[in-house]
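Next come structure tokens for two forms of one protein chain, structure 1 first, structure 2 second.
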Structure 1
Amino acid sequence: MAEDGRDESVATDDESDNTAADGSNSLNNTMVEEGSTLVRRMEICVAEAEKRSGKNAVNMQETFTVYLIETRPMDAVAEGRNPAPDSLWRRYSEFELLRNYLLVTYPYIVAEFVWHKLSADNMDPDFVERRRIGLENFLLRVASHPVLSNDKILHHFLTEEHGWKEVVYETGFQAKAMLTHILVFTKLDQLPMLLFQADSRIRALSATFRVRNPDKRFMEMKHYSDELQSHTSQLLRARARVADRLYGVYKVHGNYGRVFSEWSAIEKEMGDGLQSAGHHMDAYAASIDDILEEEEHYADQLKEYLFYAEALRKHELTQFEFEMASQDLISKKQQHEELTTGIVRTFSFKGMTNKLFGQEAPVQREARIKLLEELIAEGEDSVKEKRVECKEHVERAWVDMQRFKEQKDKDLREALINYAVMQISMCKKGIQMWSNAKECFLKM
């Protein structure tokens, strides 16, 4: 199907160049419009997935899945026009790159975009479909955010099939991510280089235990998110247990179907009624697979909030960096005072060697004092910069936390209502099945 669509597109390229150009201009205008979120201006979906083969970075053959992103300006839909959507294919790794860029570039945003990352078989159709839904939800969440939706990298991701990776790397976000690793792990017993590749949750957790003066509002929000994570986890475990037992109950109804069908073979007057009732039982038993698949969709919506507690911890990293810079400045000022006065206030290895082997030469001492004065000047600038950055971060983060709370209430309310509606529908189907079986029995 996807191949046929591409063939038709190639066949009509010459006839639709002007239309495509107009559509591209319209899309660009839609993307850069200010004052509203992208999801209000553009229809976005991950329409389908396709298996492909090709050579990887080490020139080895591999099989992978690509996902078709379709976009369409919302004003065209509102006006009753139905233009062909602009479309392009993206690999999973490209979604992952966009996610990492957003998390590093906007550290004050409360977001922990998740989808199905691992499976025993990444080519399994059910897994690919659930991942497709997760990736679409990811794009819709980004497009509905008042800040993220206007990012130019997102624009390139949705509109430029080639060259967008280069634009991402030009931002230097990877160097910023590595710098955060270094700031968090510096002087922490000289952790091996392997930890510099650690997940952002480990970095944020390290800062949590080392921040001396955390913002009280963030602490309250973090405690709440921990409680939310606990309750959500318990709810999901309860749902899983109910689903397991429900699956068994439905499948056992297949035994009714088998018994009624076998029984009908030895009956003349009752045979048709028993066989019909058996068919209803078999259909009821088979329906549980679709029910549980729908349940998983709502469970996935709840699972997303398991990770928001981790997302909130990263807000302490900025405070941690400010405290580290302040502590380093105090240390350098103390060293400068000791060198200029000759009075050592605290124990140090350098002070011990001076006592054992004598004071260093005046020229060396003056050179060290001059170097420390330069480092102190740089440190004072760094502290001022970090203080401003921390203040701005706190203000932006607090605004986004309020947005997150509103979005969370809306999302969880919708998911729980839909789950309840699904359960009601499931019970009605059970009642309908037994009503049908009753009618079959009455006709015997």
Structure 2
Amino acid sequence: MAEDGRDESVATDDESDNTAADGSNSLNNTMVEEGSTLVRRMEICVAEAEKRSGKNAVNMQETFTVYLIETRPMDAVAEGRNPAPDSLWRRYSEFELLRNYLLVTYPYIVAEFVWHKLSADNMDPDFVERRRIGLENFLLRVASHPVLSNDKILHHFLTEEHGWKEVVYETGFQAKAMLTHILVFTKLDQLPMLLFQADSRIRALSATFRVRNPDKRFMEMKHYSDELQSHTSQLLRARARVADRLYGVYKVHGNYGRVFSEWSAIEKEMGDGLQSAGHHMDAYAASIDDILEEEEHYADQLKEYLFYAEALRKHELTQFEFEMASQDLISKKQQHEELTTGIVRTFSFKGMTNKLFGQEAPVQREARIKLLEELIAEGEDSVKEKRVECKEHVERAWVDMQRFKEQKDKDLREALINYAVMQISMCKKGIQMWSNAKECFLKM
């Protein structure tokens, strides 16, 4: 369907295609203004979801859901022409792959990847709908980011149905992922673990390493994100409890329906009024299902902010590596000093054994000193590299964080408006139902 789509839908802006997908060049792109983000040039939406079945990797029959991505050039839309959108189908696993690729390739970007894997029945239509919305939001956010929106793999994902997976694997991002340690989180007990895509070569670190000298700004970022996460999770829990209770209130009213009906049987003039009123009570009780279903969308929007804090840990990791490297260098220098001068500054078993059992042969000692000197030279390079990396990461993360905050403010404000709209709709429905019942009562 979208074989030739790439030519039409992707912007004719050549500069964007030349941008390397590799994160190291992307620093320049942080300076790119809003105007050239993908979302300004292309209308993107996840329009539909469909069930498909096919054979999976182990040749077993499975049913899965595919999502239709539609794109249209924005200028065509703006000019009033209404071209048919280009479209292609993608499975959820492909979205995940895209996301993981971006996560690894742009290590300092924090916000765009916050999504949660809804763990529910894949075939439930309400769930599919929520997921569709989540996926659309993800694409829109990525396409709005000044750096991410220029990524070739992203373009490819949106425009070429076949062969995309192979192209992604060819970038070798998974090898890079090996070097970028991904953290396994189990802190938030109700939420699914954030696991990198099924690759056992990926090393995982537990979430409890400690950084000694964190950057001040980083501390600020971390504090903010922790607080945000705490408030969000509190809010989500409280909202769920409120929803539970409200459900109970509405459903009990259904009992009025039954008793009014029974009562109407023994009445003459009052009978009709009571009977119809009973029906409205039944309708009232049933109305809560749709109301709460809609509220789930609001909850979904909030859930995303829970994962923001997790993303910040990537930076912590870099700092940690830097500190480890420095530590390692210091210890090597110390060993060197010991070997060359014989002065033992700090206690070490090697030093003790040497004193107790005599030192090794000069030839061996020389070899060791030589090796150490090489390692020290390497270590110094490594430390220098890591220090720069660290600094860069914090810089970029700080910039990205400001952008994230602005975006978050806008998003949350909109979410709150939507929530208020939902509440108003619920009130209107309630008024309608009770007014209907009242009319029936008046006819009694």
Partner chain sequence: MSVGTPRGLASSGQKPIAEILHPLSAAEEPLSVTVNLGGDKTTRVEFDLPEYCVRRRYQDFDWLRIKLEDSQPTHLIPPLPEKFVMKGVVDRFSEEFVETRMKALDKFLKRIADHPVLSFNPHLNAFLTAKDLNKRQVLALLTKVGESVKHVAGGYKLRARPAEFCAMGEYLDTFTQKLGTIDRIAQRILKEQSEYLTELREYGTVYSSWVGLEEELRRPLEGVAGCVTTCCAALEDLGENMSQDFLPVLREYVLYVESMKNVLRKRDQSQAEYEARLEAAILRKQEDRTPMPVEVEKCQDKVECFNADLKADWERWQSNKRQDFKQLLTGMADKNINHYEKCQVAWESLITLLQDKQTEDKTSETN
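All residue numbers here refer to structure 1's sequence, counted from 1. Predicted model only: the values in this text are computed from it and were never measured. Note that the rigid core is defined as the largest set of C-alphas that superpose within 1.5 Å between two forms.
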Is the form predicted together with its partner chain shown as structure 1 or as structure 2?
2
Relative to the superposed rigid core, does the CA atom of residue 288 travel 2 Å or more between the two structures?
no
C-alpha of residue 251 moved at least 2 Å between the two structures on rigid core
no
Has the Cα of residue 373 moved 2 Å or more between the two structures, judged after a core fit?
yes
Shift of the Cα of residue 389 between the two structures with the rigid core overlaid, in Å, rounds to 3.6
Core-aligned, what does the C-alpha of residue 326 shift between the two structures, expressed in angstrom?
4.4
